[in-house]
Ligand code: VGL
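Here's a solo chain for you in structure tokens, the form predicted alone.
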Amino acid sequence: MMKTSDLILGSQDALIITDIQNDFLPGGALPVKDGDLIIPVINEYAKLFYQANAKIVASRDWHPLNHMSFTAQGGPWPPHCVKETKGAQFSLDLKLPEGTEVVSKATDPEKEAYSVLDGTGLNEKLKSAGITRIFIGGLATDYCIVNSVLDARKLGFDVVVLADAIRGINVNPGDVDKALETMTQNGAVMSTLDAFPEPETLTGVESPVEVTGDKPLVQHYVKKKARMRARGSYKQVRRERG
């Protein structure tokens, strides 16, 4: 795990939230066990990165109906996250700050694409924005997370995996452990929310504004006068916020 001093965020950092979509959550077409339990943690990360003026990206599977990964086309998965359907929408519990960039992946019916950096143009956008370090969480550890991490490392990004904000499918026993080992062997490091520096407390924060349809749920914040709160564990801060 990283030290707090290594986790001071800035404009060179990006948070990537992968595939918090209805079909990957309990009751969905391809649910990840306990996938919904990481959403409150991801929301805390989103607040933290927003306060630091870091870039925030939310990826989504956005499959055509005849995608090659579906069983009807000989693939391994049931139909899921078909574009323009409810199953492909982000969870309404996910709070994405204003300015979050939404990236759609696996849009080509003839090509699988687990990585958020595979054919999405995100690499170029991150590089042009001066991003050098990526923090990643979401679903699923042994598919989209590990493939995104490996691509990010090949492209020269430093990568931090948010270990308390990921869940895996584990189709084969040990798949998740293997994915975690593969990521660390390729230079990614693990961290959790409690390791981050204390956030500022923002006063005058507006209520969330929900946006439906293709657009993500957006949480609008107004940054007014801020003060530093007393030092203490971030875990306590999270309890105070509920």
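Worth saying up front: this structure is predicted, and the values here are computed from it rather than measured. Quick note: we count residues from 1 along the sequence shown, nothing fancier.
The next section is about a form of this same protein that is not shown, the form predicted together with the named molecule.
Residue 80 belongs to the set of residues with a heavy atom inside 4.5 Å of the named molecule in the predicted complex. Taking the partner from the other structure, the named molecule in the predicted complex has a heavy atom within 4.5 Å of a heavy atom of residue 30. At a distance threshold of 4.5 angstroms between non-hydrogen atoms, residue 19 is in contact with the named molecule in the predicted complex. In the predicted complex, no heavy atom of residue 150 sits within 4.5 Å of the named molecule. Of the listed positions (96, 134, 140, 117), a single one reaches within 4.5 angstroms of the named molecule by any non-hydrogen atom in the predicted complex, namely 140.
With the partner omitted here, the residue from 159, 169, 126, 103 that has a non-hydrogen atom within 4.5 angstroms of the named molecule in the predicted complex is 169. Shown here without its partner, the chain carries 24, 63 and 144, all of which come within 4.5 Å of the named molecule in the predicted complex through at least one heavy atom. Comment: 72 to 80 is the region of 150 to 158, 72 to 80, 86 to 94, 126 to 134 lying near the named molecule in the predicted complex, near meaning a non-hydrogen atom within 4.5 Å.
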